[in-house]
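Have a look below at one chain only, the form predicted alone, in structure tokens format.
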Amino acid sequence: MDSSGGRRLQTTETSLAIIDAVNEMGEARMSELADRLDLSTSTIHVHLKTLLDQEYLVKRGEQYRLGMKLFHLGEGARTRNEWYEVARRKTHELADSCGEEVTFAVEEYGRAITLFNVVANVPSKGFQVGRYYYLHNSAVGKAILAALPETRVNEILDRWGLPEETEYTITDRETLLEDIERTSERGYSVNDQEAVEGLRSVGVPVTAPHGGVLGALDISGPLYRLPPNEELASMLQDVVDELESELGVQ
């Protein structure tokens, strides 16, 4: 979450805000973007022309959509790391052995983003890949929070808050900090319907080769089917130990 001071370019911020808006809206007309961002259509037009020329957006009729160049860049960001292949393989192995949904995520700018999502016996790359999560109400997120310094945890909570997504979401900071402390003591996190009602998940942090937290693995599934938390944590820890060993974590 390093945010260096200094000069910032308003034009760049506007272009990026347009990309974010198009992503959130799915597709958008120029007038809709002008209204959403409270900018003139002439200003929006110049930015859209630049983004089209640089292939970050595509135009279908009067509608603007994200271009596949962003997918190409995102895949490059995902595969650039030396731990990519072993994390991918271990995620798949765990899903095969536990028979449930397994997610590997990392923290960036105070949120978790899914790099691998594997559902047992489902031949797909995972419909959650690329999805952002809040850290306070996801198993991967709480596992990561428990491995971070207290100052960093507070920075993240200050920035993103504690949005309520279900009636079970923890929205009180002191309660969350107590939950993070329990997570640290027992070595695994629990998300009990805090993001999706009827869904429980257990997560374990993964240590980076040079120290600090790399990310986290979790197993999730419906309440009626998942085994006890301790059993899930044991399965996760075995795989995390193997993953860290292959990465050379001491």
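A residue's number is simply how far along the shown sequence it sits, counting from 1. Small disclaimer: the values here were computed from a predicted structure and weren't measured.
Absent from the display: the form predicted in complex with the DNA. The rest refers to it.
is_contact(Tyr64, the DNA) in the predicted complex, heavy atom dist at most 4.5 Å:
Yes, Tyr64 is a contact residue.
Taking any heavy atom pair closer than or equal to 4.5 Å as contact, tell me whether Thr11 reaches the DNA in the predicted complex.
It does: once the DNA is placed as it appears in the predicted complex, Thr11 has a heavy atom within 4.5 Å of it.
Is Leu39 a contact residue for the DNA in the predicted complex, using a 4.5 Å heavy atom cut-off?
It does: once the DNA is placed as it appears in the predicted complex, Leu39 has a heavy atom within 4.5 Å of it.
Answer yes if any heavy atom of Gln54 is within 4.5 Å of a heavy atom of the DNA in the predicted complex; otherwise answer no.
Gln54: no contact with the DNA in the predicted complex.
Just one of 25-33, 185-193, 213-221, 199-207 has residues with a heavy atom within 4.5 Å of the DNA in the predicted complex, so point it out.
In short, 25-33.
Using a 4.5 Å cut-off on heavy atoms, what residues in 43-61 are near the DNA in the predicted complex?
Stretch hits, in order: Thr43, His45, His47, Lys49, Lys59.
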